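So this one's two forms of a single chain, laid out as structure tokens and tagged structure 1 and structure 2.
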Structure 1
């Protein structure tokens, strides 16, 4: 029984996965989202909570609901393929729920990769698409290597800057591994931490432990999560402040994501990327699926993934660490635990979801 994040059972209520999925789905359906689309969004949000990425789970439900109510997110969008070849496509999301446009793009990338070895599909005019890893995971479950990236709202001060400017722009990569159902799964913000991690400290009213953010007024490192999340703070890129520990690399990776999922796809970038609950945000996504069988033998690929992972885990261990992890492992173990014990939902979020449910005539979480 392992969980990625320690859960204080007093502060959380455990909900069975299927029940959480039902309520989230029904809430979207009540907002006139087609059932199939509601299932995609629910699957995406619940998967985040299941795997211990609380910041991208159902605690975001209210923002999505507000986005739909405010008209910034269309429930019956005209998602269409704007450009297409046997190996690539560009999709216009028409201000859909990000997950819905992204899912369609991801499916198309998978289809193309299965037929022609490679599929690159971009999306413009989209919204927040949840965890980047969701799509990389799904692609990997099809036996392909999956890449997923997205632009995101400006929260990070790039190297030399002193304002929220670039996004936390995540990069995710999934790949199938022999002998295990769950894929290798890297899913990382290109900032030193994702904003969700700071939200957790804000909720606990505790200073953040690392050098994660600066004041946008003095440029000094700050630790107060309220200040960091206010206009007075900005998160640092992976590598931290300045170039000494490679902050310019995290900055560069954020720009890489902005180029591939924003500029290349005709979507916007960095500080132009909007929120999810106000006006249209023009988020851009990038998906890539690669059939390992195109370059070599698909089974050998999986075998070598297995070998590589086992080697990484069995390296000479640092005494300060309990064990060596491989990406995706903590999420998989957390999901296993939560499928049995239920998904812990922060009590305030639980109440919030039930308030939304009641308002929309949906049977609340039991």
Structure 2
């Protein structure tokens, strides 16, 4: 059995993928989300847990439910294309569930890339869109190179700052590889960790390890997840505090995402992104799909991807490491395990999901 993170079976309850998908979907349907849209959101959340990205999985369900109840998220939005050419488009999400607006944009980017070699589609007026890798993965499964980015609420103190100012702003890239069904998949926050990982530690009532965050009052490293997620704490950019270990580079990547997903699309960025359930976020997304055949031979691209991955994995190995991994590999193997053994759901999250289900008249997880 392979899983990215060691699972304490006493703290978790394993749930079959289809059962988890059913309950999440039915919860959204009970909130008057159209069935097709509910399936998109459920697929996104369950994929995160299936691949071991607990921070972006069903533990976030309550956040979406609260947003709908409070009116910060529309269940029947008028998602529309406001500007378009053969290779680009801009979509207004009309305060939709982020996954729903993002999925439409992703499909449009794929369509344009298949017709014209490349498709760039942006979204404004949207909400949190879940796991960034979901969209890059879907694009790559179509034989294309996919890129996905999104702005997010301010939780990170950029280099030199001592306040929550920029988002954890993820970047994801997927690419098809010869001889394997699963694509190469890079999915990373531009902060040391995503906020969802801090939330995992808070739910478990455990201090966070390492130098992930600082106090906004003293600037010192802190480990209490409650303090980090309060106004008294801020997550650090990828690379950590200062420039010695490259924190300014993570800061730069976060700003890159803000420019492409926020400023360029007419959406909000950094400190302007809304963060409460009753306030619309105006999150911006950026998608790019590229047909490898537009720049050469598509099959040769896949062969060279295979060659590059093999070379990376067969490099001289550091004595502290058992093997060299490439991006997406651990997630693929974790998904294989969890499809057979069930998806481990933290018991507090399991109880929270069932409480929501019962409140809405949905048959809970067994």
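Since the structure is predicted, the reported quantities are computational estimates derived from the model, not experimental observations. Positions refer to the first chain, counted from 1. Basically, rigid core = biggest C-alpha set you can superpose within 1.5 Å across the two forms.
- Note on provenance: structure 2 matches the form predicted on its own.
- Once you line up the core between structures 1 and 2, the Cα of residue 182 stays within less than 2 Å of where it was.
- Relative to the superposed core, residue 104 undergoes a Cα shift smaller than 2 Å between structures 1 and 2.
- After superposition on the rigid core, displacement of the C-alpha of residue 291 between structures 1 and 2 stays below 2 Å.
- Superposing the two forms on their core, we find that the Cα atom of residue 225 is displaced by 2.3 Å between structures 1 and 2.
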